[in-house]
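Here we start with a single chain on its own, the form predicted alone, put down as structure tokens.
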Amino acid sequence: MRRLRKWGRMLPRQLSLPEEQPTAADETAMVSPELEANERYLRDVFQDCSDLVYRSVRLKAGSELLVVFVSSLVNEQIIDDHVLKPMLSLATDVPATVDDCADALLTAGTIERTPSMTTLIRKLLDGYAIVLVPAGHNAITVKASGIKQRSLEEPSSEPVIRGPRDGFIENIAVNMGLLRNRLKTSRLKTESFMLGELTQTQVIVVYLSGIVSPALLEEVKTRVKGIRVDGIIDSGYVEEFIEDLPYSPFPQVHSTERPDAVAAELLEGRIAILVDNTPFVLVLPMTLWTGLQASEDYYIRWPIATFVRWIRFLFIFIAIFAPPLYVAVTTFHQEMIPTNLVLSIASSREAVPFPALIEALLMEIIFEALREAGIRLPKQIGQAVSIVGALVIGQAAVQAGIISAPVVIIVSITGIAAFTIPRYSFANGVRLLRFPMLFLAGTLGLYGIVLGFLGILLHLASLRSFGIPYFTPVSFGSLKDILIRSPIWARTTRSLPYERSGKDQ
């Protein structure tokens, strides 16, 4: 409850709707038995919307129906084959009721009836066609979505040597199908929400019944339902609203494009949140070890996966502490390194006018700028910029006496170390910590590094992700999937300590 109260205090930072709202439907409006009144209502709501199509259909018996759809959202071939042609060719009698029309004329697979004009408008914007029948208090909705989607392909953000090559896309229905294809059980449950006052984005909470903690599930649903904002464009919007500590550099919810990774996390008792129009699925709760594990760890032989994990553990320390250690030792503790190395570093820094701290900061900022430029530019140009920046600019800066060669080596190793972290959001937090650590090392030396390390340790120890400590699991038995990647057949417990039994069911 304390977490919920804290989260509730964060609500005022949510965006509010603009004062001047667009034309909206009356929430209480119902379908009228008069066809002209329904058409007039829709034209008022969708005024100045040129892609809304009104198609009157006169049946053989003389009765008139009205078909309405948004041409930019539907597949018109579906409407022609399953709505218009059956009406024009198969009707032998006047459809007296909505049920007669829906059961006897329409051949589409998904047909629903609704008396609410608000629901009709939402269906129109979801790619449905609606059929209005005179003398009826219901209207018929026909699913005819026609938005083009890209094909399934390997996620560029999480490539693997061995493992599935399919990834999530921007269509939430396709993403759910990818999960259903891997978890063929009725215990895979979903709960759908519509978030965003103007975008009306579909958000689906997915979990495995009987494995997930009921308290965790209830808290997740409470936080998701509490989101009040005018638009949800990406799952990153949802993530910022539901995480426990938004000011921490470490993510408390991780995202992935891989359906196999989400299926494995669901089997562990975690919860996934799918957001329409984005391929990134949120998985929670997150722990420190989640940020250091890749899905491919479980597809290769366990000794190799264990070795790779230890490499990651080593390089995460290098990613955070290598530049600060260089600055601290060269500035305050020269006696800690061999004499020959001290002389070599001193000779390389002889022409450099800046202290080691400024040197390291300059190189770190240049490296981050090159990395950002390489990502934002087109792929071919980005690679060229990275090569030019790393080789030409770095070499020129050393020859010009602006920075020394040891700093270039240290920053390069640090950059490589950060790239070994499989979770992108977690790696971003590690990169961010490097800068305060540099300031501490440049002002207090090794004492500053120790203080910074203790600060990071205390922060991680106090961090929670939906009530789960960030260091979870901490028991010795659970470490067999943390320090080592034990064989699949040796894993008899789940990694998260939930209220229900953690044993495989």
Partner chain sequence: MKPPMKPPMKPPMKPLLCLCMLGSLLILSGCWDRTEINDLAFITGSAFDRTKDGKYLLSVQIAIPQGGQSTGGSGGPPGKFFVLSATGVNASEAFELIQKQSSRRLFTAHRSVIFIGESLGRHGINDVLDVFAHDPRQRLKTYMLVVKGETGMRMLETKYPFEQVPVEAVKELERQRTEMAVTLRDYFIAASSQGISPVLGAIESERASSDGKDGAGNLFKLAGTAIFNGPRIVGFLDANETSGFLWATDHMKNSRIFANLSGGKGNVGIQMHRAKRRIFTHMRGDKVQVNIQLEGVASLVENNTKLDVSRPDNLAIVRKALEDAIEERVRHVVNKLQKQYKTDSLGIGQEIYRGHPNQWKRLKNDWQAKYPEANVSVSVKLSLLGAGMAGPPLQLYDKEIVK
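Please read these numbers as outputs of a predicted model, since none were measured by experiment. Numbering follows the first chain given and starts at 1.
As for the form predicted in complex with its partner chain, it is not shown, yet the points below apply to it.
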| query | finding |
| --- | --- |
| Touches its partner chain in the model of the complex: residue 454 (any heavy atom, 4.5 Å) | no |
| Contact flag, residue 428 vs its partner chain in the model of the complex, heavy atom cut 4.5 Å | no |
| Partner proximity in the model of the complex: residue 193 to its partner chain, non-hydrogen atom cutoff 4.5 Å | no |
| Residue 447, heavy atom within 4.5 angstroms of its partner chain in the model of the complex | yes |
| Stretch from 342 to 350, 167 to 175, 361 to 369, 144 to 152 whose residues place a heavy atom within 4.5 Å of its partner chain in the model of the complex | 342 to 350 |
| The single option of 222, 71, 181, 107 touching its partner chain in the model of the complex, heavy atom within 4.5 Å | 222 |
| The single option of 378, 338, 159, 303 touching its partner chain in the model of the complex, heavy atom within 4.5 Å | 338 |
| Members of 309 to 334 lying within 4.5 angstroms of its partner chain, judged by heavy atom, in the model of the complex | 330, 331, 332, 334 |
